[in-house]
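Below, in structure tokens: the form predicted on its own, a single chain.
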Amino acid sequence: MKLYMTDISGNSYKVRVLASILNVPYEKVYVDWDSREHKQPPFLKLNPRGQVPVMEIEGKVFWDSTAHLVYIARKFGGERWLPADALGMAEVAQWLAFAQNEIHFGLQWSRGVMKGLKTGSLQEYQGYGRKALEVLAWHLKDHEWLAVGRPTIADIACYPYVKRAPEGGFMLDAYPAVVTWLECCEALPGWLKLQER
């Protein structure tokens, strides 16, 4: 496996965390984000979206962190990180979609505006972000983990931009169940520290 990544990408981080937990070896290829290497023709041949991470796996190229998580979980983690039964898989998939919707358009984009990495309506993005934190708090008040009563790729997918939510103007202290969940994730063997920029 070859992972095209940056250290500061929350989406690259998701893949690195699962690989670390499962002791999966892979080759890191660092993409020079500051010089916009991800927007140049050679990289765009790998990922027309111009984003990291990208993985080369068994002769195929996948350019979405969710696909990477699914592959690693199924290939190396058995049932533990991605259940094969219909109900369990649907429960995990619900949170994978949540990571790509409210968390992405709310917490991640709010952070992007406040860090000067993105333009757009901070007020609109923060509205989505508040909804993301409210939904997480609602669920986590009665559950330790997001799906099937144990850590799964659902938790890994949602973690990075929730952890970075304060960089988008959100106060996590207002969501104690979310803070506890973040701490539970960080206590898992093999969990990596999220780098900041």
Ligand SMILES: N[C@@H](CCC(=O)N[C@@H](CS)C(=O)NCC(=O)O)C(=O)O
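Note that the coordinates shown come from a computational prediction; the quantities given were computed from them, not determined experimentally. So that there is no doubt, residue numbering starts at 1 and follows the sequence shown.
A second form of this protein, the form predicted together with this ligand, is not displayed here; the remarks below concern that form.
Problem set entry | Interface segment, criterion being heavy atoms within 4.5 Å of this ligand in the model of the complex, picked from 104-112, 85-93, 123-131, 70-78 | Going by heavy atoms within 4.5 Å, the stretch is 104-112.
For this session: Answer with one of A165, V52, C158, L136: the residue that has a non-hydrogen atom within 4.5 Å of this ligand in the model of the complex.
Result: Only one listed residue qualifies here, and that residue is V52.
For this session: Name the single residue among H143, K28, K39, R150 that comes within 4.5 Å of this ligand in the model of the complex, judging by heavy atoms.
Result: It is K39.
Exercise. Taking 4.5 angstroms as the cut-off for heavy atoms, does E56 touch this ligand in the model of the complex?
Worked result: Close contact is absent here: in the model of the complex, E56 is far from this ligand, nothing within 4.5 Å, heavy atoms only.
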